[in-house]
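Take a look at this one chain, the form predicted alone, written out in structure tokens.
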Amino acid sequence: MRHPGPGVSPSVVETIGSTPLVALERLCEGTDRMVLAKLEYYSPGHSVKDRIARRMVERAEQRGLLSPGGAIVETTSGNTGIGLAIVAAVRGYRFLAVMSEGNSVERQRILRSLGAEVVLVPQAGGGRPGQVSGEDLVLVERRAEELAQQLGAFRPDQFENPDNAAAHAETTGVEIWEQTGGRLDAWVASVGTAGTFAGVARALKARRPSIRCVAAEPATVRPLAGIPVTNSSHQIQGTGYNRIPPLFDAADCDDAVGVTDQDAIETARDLAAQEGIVGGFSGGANVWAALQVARDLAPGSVVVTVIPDTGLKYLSTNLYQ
């Protein structure tokens, strides 16, 4: 069917990306530094993971790993699954999202609304709603592999798939460079699969190697900093799985900052109350870490971070109580 005008997208998949970059002027007031936040909840699945979902599926189609009517199985804390569910709905694939019971109920409901089949995996050592550990992730991975083999399904495998980081190197990082006119001094982001952090770092350092790239990780789970784990459970969902992800490249990481649950929560609340930006736990963690990095830079410096998803996915948690 012919579309009514040049501004009409053929599907919602084509609207992924091109998200705004916003100055956090109120949180930075009086510091002589500026933190800019890339609002990834503007994508249709309301998270940064929409970008990798589109890229991984499109590359799988090109390589003959996915054919019409095929199935996709993926482990997810929710956001990658939501992105994949959107792409699968448009492309006509069956999608099974395998996730820990510890992830927020909002994500489960969004996945089901998009036609995904949600497979919940009990947590190691018993239920801890809102807290997902590295041990939980092992169980989720095991179940996803079983299902993929049973169904002969395509597994995007976001932790291992280089298309994850490539999506950010070719889109997110380029957008940040163009939106700032190349005038930035540091990039800060939490590390889960490491795709966002690594892809953007690669794009920025290719353009100016002196840009400082700092990873954020939960204060009790800091493998990137080489610090022993003190508590594998934390509330910063989608990060801190007590492993150095295969996509993480130490050559592109200048430092790593630890963020407590409380710092992440309080900063997310400040971000909403003072900037009108309702982000999730990792958004609060990213902004808190970015503010710390900014304080160590020269006056006039600019730090860029990302709000990975919307806080509306966490209303059942204590984030905005």
Ligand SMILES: Cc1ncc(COP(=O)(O)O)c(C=O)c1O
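In this text, residue numbers run from 1 along the sequence as written. These numbers were taken from a predicted model, which means no experiment stands behind them.
From this point on, the text means the form predicted in complex with the ligand, which you will not see here.
The candidate site formed by Arg107, Gly192 and Thr196 is fully in contact with the ligand in the predicted bound form, as each residue has a non-hydrogen atom within 4.5 angstroms of it. Of the candidate stretches 112 to 120, 233 to 241, 177 to 185, 201 to 209, only 233 to 241 has residues whose heavy atoms lie within 4.5 Å of the ligand in the predicted bound form. By the criterion of a heavy atom within 4.5 Å, Asn79 is counted among the residues contacting the ligand in the predicted bound form.
Contact annotation for 36 to 72: a single residue, Lys49, has a non-hydrogen atom within 4.5 angstroms of the ligand in the predicted bound form.
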